[in-house]
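Just one chain follows, in the form predicted on its own, and it is written as structure tokens.
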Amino acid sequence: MAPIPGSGLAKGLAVTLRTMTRKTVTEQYPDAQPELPPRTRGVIGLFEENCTVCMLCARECPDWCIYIDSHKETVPPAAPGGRERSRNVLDRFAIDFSLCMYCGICIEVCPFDALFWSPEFEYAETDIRDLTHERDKLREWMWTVPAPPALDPAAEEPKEIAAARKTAEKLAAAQAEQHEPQEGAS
């Protein structure tokens, strides 16, 4: 049985008429910003004050797209009679987003919480060489990092916080005991 001539055209027009009456799902992107999920992976933001130049992020990066330069500075002793210490000072922190595969390993391995996911995704460049962003641009993206979710009130207190609280209570009790004998003697 041969198809009726023009039946394909009629089917195509029927699909067109059916979809013409439906609401469109196309978002007009530049004019209307999309609603992003809360844990969107956009770019990596740098909280420079927390960076100790430990180089873990650069060593663990599977793409080798993180570039870090630093120098050592001598820090004077904190107390009289102490010794001088040296510390690393960050000179350059750059990420080449043309190489980055957004795996998040650098963020996970950072022991000092210096790297964060920012939901910023509008960072296109006309030249691929401009996708290497230096620390000033990475620092700007920190303002777009969402606040962490609130802790569950029914959750168990972390052992580090509990230990710090107990130590602070012991110090406060010791200081209170030192002040009591002086007040009673006068």
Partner chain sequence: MNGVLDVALRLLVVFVVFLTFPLIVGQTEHKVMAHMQGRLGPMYAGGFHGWAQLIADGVKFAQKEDVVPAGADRRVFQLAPAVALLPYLLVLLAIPIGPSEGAVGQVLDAGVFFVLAVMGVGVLGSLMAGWASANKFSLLGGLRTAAQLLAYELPMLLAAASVAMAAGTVSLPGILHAFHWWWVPWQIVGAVVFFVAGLAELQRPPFDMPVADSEIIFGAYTEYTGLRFALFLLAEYAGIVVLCGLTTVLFLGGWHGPWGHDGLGWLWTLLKTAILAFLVIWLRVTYPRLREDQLQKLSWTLLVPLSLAQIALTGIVKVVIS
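Given the structure is predicted, the values throughout are model-derived calculations rather than measurements. Positions refer to the first chain, counted from 1.
What follows is about the form predicted in complex with its partner chain, which we do not show.
Its partner chain is not shown here, but in the predicted bound form it comes within 4.5 Å of a heavy atom of residue 31.
Taking non-hydrogen atoms only, residue 16 approaches its partner chain to within 4.5 angstroms in the predicted bound form. Contact check for residue 26: a non-hydrogen atom falls within 4.5 Å of its partner chain in the predicted bound form.
Among heavy atoms of residue 174, none comes within 4.5 Å of its partner chain in the predicted bound form.
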